[in-house]
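Listed next as C-alpha cells is one chain, alone, in the form predicted alone.
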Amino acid sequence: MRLKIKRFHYARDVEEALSLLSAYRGRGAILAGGLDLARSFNPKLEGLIDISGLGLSYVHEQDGGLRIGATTTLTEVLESRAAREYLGGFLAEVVGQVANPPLRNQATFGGAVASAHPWADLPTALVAVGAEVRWVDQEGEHRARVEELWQGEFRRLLSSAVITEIFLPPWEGAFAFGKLSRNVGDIALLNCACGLGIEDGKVAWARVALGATPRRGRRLLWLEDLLTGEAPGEELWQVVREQVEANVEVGADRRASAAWRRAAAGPLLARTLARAAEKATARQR
C-alpha cells in the first residue's frame, strides 16, 4: 500500500497553512520533520503542507526559560547555547538520548509534541518541567500546558492546527533525566524526569514524571508529596524505592512486563532523584 499524495504545498505563512488544511477537509497534513508521516499510513491523505519556511525554527532564552519554535529540529536544540544552558543542561541531557543523530536531524520539537508517543523521552521531560504548547487554528491562538493538552483528544485538535512554539519555564532548582532501554538509541522501556528544589537542606518542591509505563509520561503527585519537606539522602531514596514498587501504576506490552517495570521503576527514580538533588545543592553554592 502506498500513500496517495496528489499535491505538495509550501505554505508562505501560518494563515495559508490553515487555509489549506481547511480546504482538504481532513485529507491534508502539516509537514515539518515528517517522521510520523513516514512511519504511518493514512489512505485518505491527499495533500502535504510544508511549514519549514515559516520562521518557526529558533531557540530563545526568556527570563531563564526557553522559547522553542515548532519546526526546530532536535539537533538544532542540541547545538543551541541557550538550550544547553537551560536548567544546567537538563534539556540537552534529554534530547541527547533521543534516538540517534540522523533521526534527531529530522525530528522537530513541535512534532514531538504533536505525536507524544507513550515511549518517547521528550514528553516525559516536558510534563516534568510544566512546558506550555502554543498553537493556532481557525479560531485563533491557543496555549495550554502539555500535561493538560495530552489528557484530551489532542491529535484530533491539532490535526486542524499549526503548532507554533513550546515554552519551557524557568525553575530555581534542578532537574535530571533517567532512562532504561535495550541499547543506546532505542526507545525507552521506562523513563523519568525529576526536579527538586532544596531549601535549608530539605526538599521545598518536587516534580516527578514517569513515562513508557507503557503510558505517556505522567507526574507522580503522591511521590512529589512524599518528597516535599524531607531531607535528600540515601534514607529518603530507599523509601522512594520501596514506595514506588508498592504503589506505582504500570502495565505490560510486548517490550516489557508489568512486573519488570514495577521492580525497575523504584531504582530508576531513586537514582534520578539523587542526581537532581546533587545538582540542586550545587546550584546553591
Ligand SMILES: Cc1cc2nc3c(=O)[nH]c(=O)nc-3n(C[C@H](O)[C@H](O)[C@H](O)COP(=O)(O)OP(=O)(O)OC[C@H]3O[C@@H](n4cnc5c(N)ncnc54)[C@H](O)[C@@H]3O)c2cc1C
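Keep in mind that what you see is a predicted model, and the values were worked out from it rather than measured. Numbering starts at 1 and follows the sequence shown.
Keep in mind that the form predicted together with the ligand is not shown, yet the notes after this line are about it.
**Student:** Consider residue 186 of the chain shown here, and say whether it contacts the ligand in the predicted bound form, taking contact as heavy atoms within 4.5 Å.
**Tutor:** Residue-level check for residue 186: yes, a contact with the ligand.
**Student:** Contact with the ligand in the predicted bound form for residue 66, defined as at least one heavy atom pair within 4.5 Å: yes or no?
**Tutor:** It does not: once the ligand is placed as it appears in the predicted bound form, residue 66 has no heavy atom within 4.5 Å of it.
**Student:** Is there a heavy atom of residue 207 lying 4.5 Å or less from a heavy atom of the ligand in the predicted bound form?
**Tutor:** Answer no; every heavy atom of residue 207 is more than 4.5 Å from the ligand in the predicted bound form.
**Student:** My question is simply whether residue 108 lines the interface with the ligand in the predicted bound form - judged by any non-hydrogen atom within 4.5 Å.
**Tutor:** Yes.
**Student:** Using heavy atoms only and a 4.5 Å cut-off, determine which of 220, 250, 51, 256 is in contact with the ligand in the predicted bound form.
**Tutor:** Residue within 4.5 Å of the partner: 51.
**Student:** Tell me, which of 146, 83, 129, 98 has a heavy atom within 4.5 angstroms of the ligand in the predicted bound form?
**Tutor:** Partner contact (heavy atom, 4.5 Å) among the options: 98.
**Student:** Out of 34 to 42, 237 to 245, 220 to 228, 256 to 264, where are the residues with a heavy atom within 4.5 Å of the ligand in the predicted bound form?
**Tutor:** Going by heavy atoms within 4.5 Å, the stretch is 34 to 42.
**Student:** In the predicted bound form, do 90, 275 and 280 all reach within 4.5 Å of the ligand through at least one heavy atom apiece?
**Tutor:** Checking in the predicted bound form: none of 90, 275 and 280 is within 4.5 Å of the ligand.
**Student:** Sequence order please: the residues of 193 to 210 with a heavy atom within 4.5 Å of the ligand in the predicted bound form.
**Tutor:** None of them.
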